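Only one chain is given next, in structure tokens, and it is the form predicted alone.
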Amino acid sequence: MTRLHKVPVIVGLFGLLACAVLLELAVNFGWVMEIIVPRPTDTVLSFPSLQEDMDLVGNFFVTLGMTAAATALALLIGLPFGYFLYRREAYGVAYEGWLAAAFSTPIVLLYPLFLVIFGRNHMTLIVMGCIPGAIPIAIQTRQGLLGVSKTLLNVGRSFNVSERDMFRKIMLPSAVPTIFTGIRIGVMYTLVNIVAIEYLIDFGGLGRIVSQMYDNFSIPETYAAIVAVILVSTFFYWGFGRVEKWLRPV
């Protein structure tokens, strides 16, 4: 990592530390009720007991695995469907609005239906996480391909570039930023839905830990589990950032 890349990381960590210190002081002085927000130090100190009682690390990987599986399924559906909507303009115009409307609906409320169809198992989490993830991927894939510069396409045609090379060397690199915007949005909504379902049906993962700790009024442990959810989100954000850089190195 170069010095130019280290500076934002250092600034971000410093800002996070400053917020933690301010929150610690606010709780100590009674400006924030401890029953609502615990001291950051209490949250950190609760990790060992949470690991011992609830297997925090194991449930972290459960949520991580479910999110990865749902995201992979969303990619397998969203990318080809977005390309289809790009290639078939009539379908793209007809269905993009419907997709946007579906994305804005609280799909998590359909979990009783999916429980009946798939049962109380991991498949329910994967399918329900996949749906809100595939929609923005499909929309942004179409928008990214539509946004490719006509000048670049004309230059490719002037060199008699084949359709395959046109897509691989011109269209895809140009569309990558927009497509990965959809992927990042999709994976975040996938994670939110999976944790929400884990919370609602009390079936493994970090959502289950949050639910049980909240019901027990174990506030520091509740926030520790939430921090673990944030780490899952950070992992995917970093991972897809690396993939995007590899696909579009400049």
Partner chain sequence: MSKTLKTIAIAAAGVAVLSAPSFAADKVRLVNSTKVVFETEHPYTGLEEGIFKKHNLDVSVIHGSGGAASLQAVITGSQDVVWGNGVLGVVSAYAKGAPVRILGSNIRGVQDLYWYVKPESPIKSFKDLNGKQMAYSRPGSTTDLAARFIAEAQNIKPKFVSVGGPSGSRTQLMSGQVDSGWSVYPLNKNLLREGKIRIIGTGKEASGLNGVTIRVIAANVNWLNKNRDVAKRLMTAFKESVDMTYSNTKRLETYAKRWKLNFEDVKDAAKDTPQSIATILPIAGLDKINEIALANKKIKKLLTAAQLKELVHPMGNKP
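Owing to the predicted nature of the structure, the values given are computational and were not obtained by experimental measurement. Positions refer to the first chain, counted from 1.
Here the subject shifts to the form predicted together with its partner chain, a form of this protein not shown in this document.
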Of Met188, Ile201, Ala68, Val27, the only residue with a heavy atom within 4.5 Å of its partner chain in the predicted bound form is Ile201
Taking 4.5 Å between heavy atoms as the contact cutoff, choose which of Gly97, Pro80, Pro106, Pro112 touches its partner chain in the predicted bound form.
Pro112
Arg120 near its partner chain in the predicted bound form, any heavy atom under 4.5 Å?
yes
Heavy atom to heavy atom, is Val57 within 4.5 Å of its partner chain in the predicted bound form?
no
Quick one: does Thr41 come within 4.5 Å of its partner chain in the predicted bound form, counting heavy atoms only?
no
So, Ala101 and its partner chain: in the predicted bound form, are they within 4.5 Å at any heavy atom pair?
no
Can you tell me which residues in 26-59 come within 4.5 angstroms of its partner chain in the predicted bound form, by heavy atoms?
Met33, Ile35, Ile36, Asp53
